[in-house]
Every structure is written in C-alpha cells, then in structure tokens.
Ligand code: GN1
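This document starts with one chain, in the form predicted on its own, laid out as structure tokens.
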C-alpha cells in the first residue's frame, strides 16, 4: 500500500505548477486520514524548495470539491491579511500550489491530490510543555478566527453535515442505544446515566444561535495543539494548519476543543480514571491566549459561555465515542476491546472535573475578559517580551 501511494505521488507531482526538477520524495508520517509526502525540488537559480503533497481521503471527505473550495477561500483570505512570510513575523497562511490547469487539486485514478508549499523552520507539538505554549497556541487559533471574521461564511460549504452539532450527536447516541449491540448497552449503563443527567446541556449553544445571540462564524474544527506550527528559532506560533474541518459553525467550538485536548491531564484512552482531569493552570493560559486575539470580535454571550463550551465539546466527543462503542466500533479505530468505551469514560471524567471547577473557570474568564478590554491585549505583551 505504501509503495503504491508513493508511486501515485510521483505520478501526480508533475501535474502541479512547480517550475523545478524533482530531487526527492518521501512519506511524511503526520495524521491518520490522508497519505502525505514531502518533495524536494531544484528551483531556478540553484535554490531548493520543499512541498507537501496529500492524497485526500475521499472516503472521509466525500465532497472533495467542496472541501477544496473552503480551503481556497480561507487561504486566499488569510494571505490578503498577512505580509511577506520571509520578513513578516505575523501569522502565516498555508499556500496552495495550483495545478498546471489552475485548479486547487488533481483528480487522479489513485484519488484526489493537493499540494502546499512546505513551511520551513517550524515544529509541531503533540503534548503541551508549558502554560506559555498553551497561551501561544490559543492565541494563534483566536487570531485565525479573528483574521477570518471578515470572510463571508456563505462562501463556505458544509463538507461534513452536523459536524459541530451536539443535539445531532445526542440523537446518534439514542439511535445506537436502540439499535446497537445490546450487550454493550447493558455494560454502559453508568455512562448512559451520566449522559442522561446532562441531556439538557446539548442544545444551549444552538438555541442561542437560533435566536441571534451570536452569529455563525468560520470555525477551524480541530484545534489540537499539533495543528499549530511553532517557529524553531523564536518559539512563537507561526501557522495554523489542517484546514479540512473549517466550516461555518460556532466560534466557541474551537475554544472548547482546545481545552479538551491541551488541558487534559491524561491520555485520551487512559484506563485509570483517577489520572483524568483538566489542568487549571493550562486552562487559564488557554483563556488568556484565546481572548488576547479573539476578544476583538466575540460577543459578551460568547465570552460568558467559554467555560460551558469547554464542557459541551468534551461531553459531545464523549457522546461520539460511546455511540461508536455501542455500534460496534465502526468509526474510530480501536486497538483493544472496549477502547471506545474507555475513551468515552475519559471525556466524561473530564466533564465532571470541569463541573467541579466551574466556579473558578467562570471567574477566571470574567477577570480575563475585563483585563483584555482594559489593556486591549490580555497577556499579549507579556508573552512577546
């Protein structure tokens, strides 16, 4: 399979508008959805340049033209806001390389392919090493949203319907309870009781949007720490990557998912629930960073709901894991019996941890919001000094 994918990559590289000679091509082991390769080209004047090529998994993203439409809209909008990447230390935009016919992707017999300019001098992090890194990542995602605030969301398509919808995920779980493996349903009664006691929370955000409390905005949709590239030299966040789930949604989904992933005290599939929780120091850094860049466009209602959004997104991911467990593990990859049930338990334990800290989490958001309004940048100056 790897040999076939590499052969396919070599065959399609020439379809992109790269004026140079291919020197090398190797697999890049990042992510679990697409096949990714890095090429090295000899360009004019004797310089070398690298590019990143991806065969898009069209079984996950079934409407590739819609997916690439979104990425084109977002990257071109961001590029219009940013300066020259060679001299500008501001956030950088991913740069798509067009095909020789001017399209954003190649439709090949091996599948759809796209190409980006490789961003040199950067690194990604799978685990947060300090509150300062959490702050920088959160500020980067907030800045990403702020820079896209002027983009007309009607230009973007819903490539995965109901992706951000908590009520939809609850309906999926209810269907899994009714039609799924009944032995597994019987073994998950504690988790189902936990869900039942919190059923009313799933529609809070969508209900607020229905009555116009805040608008739909461009949402990244996968704000894992490793989707921010940090500058090797200076350490600052340089670029937000993995734009595949960028769609219209509610802004706080991104903040909630960032807390869920970055402030987690354990692995996502930890079996010792005593180790599970939410690191409050990292949470504070995430609030500081996000509001340092996002407070310019968030409404008062959105800011007030930030702690709730962290609980809701974590709860919603738990619903997805639990539903997949009851359905026989048909969506998420598993490595052991009960793997998705373990993942659901971790998410629910994190929700319980956030509930115990809710007063402190809400108080910190209020204090940080006031500080951001007073100074205009929260902890921004301190982090850049």
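These numbers come from a predicted model, not from an experiment. For the two forms, the rigid core is made up of the largest set of C-alpha atoms that agree within 1.5 Å on superposition. Positions refer to the first chain, counted from 1.
Although it is not shown, the form predicted together with the named molecule is what the next lines describe.
Asker: The named molecule is absent from this chain, but in the predicted complex, do 224, 321 and 331 each have a non-hydrogen atom within 4.5 Å of it?
Answerer: Yes, each of 224, 321 and 331 comes within 4.5 Å of the named molecule in the predicted complex.
Asker: Only one of 279, 268, 95, 203 gets a heavy atom within 4.5 Å of the named molecule in the predicted complex. Which one?
Answerer: Comparing distances to the named molecule in the predicted complex, the residue within 4.5 Å is 268.
Asker: Which residue, 308, 214, 163, 118, is the contact with the named molecule in the predicted complex, using a 4.5 Å heavy atom cutoff?
Answerer: Answer to the contact question: 163.
Asker: Please determine whether residue 132 contacts the named molecule in the predicted complex, using a 4.5 Å cut-off between heavy atoms.
Answerer: Looking in the predicted complex, residue contacts with the named molecule do not include residue 132, since no heavy atom lies within 4.5 Å.
Asker: Does any heavy atom of residue 354 come within 4.5 Å of a heavy atom of the named molecule in the predicted complex?
Answerer: Outside the cut-off, so no.
Asker: Could you confirm whether residue 314 comes within 4.5 Å of the named molecule in the predicted complex, counting heavy atoms only?
Answerer: Answer no; every heavy atom of residue 314 is more than 4.5 Å from the named molecule in the predicted complex.
Asker: If you check in the predicted complex, is residue 242 within 4.5 Å of the named molecule, heavy atoms only?
Answerer: Residue-level check for residue 242: yes, a contact with the named molecule.
Asker: Tell me which of 355-363, 41-49, 58-66, 322-330 has residues with heavy atoms within 4.5 angstroms of the named molecule in the predicted complex?
Answerer: Selected range: 58-66.
Asker: Would you say residue 54 moves its Cα by 2 Å or more between the shown form and the other one, aligning on the core?
Answerer: Result for residue 54: yes, a 2 Å-plus shift.
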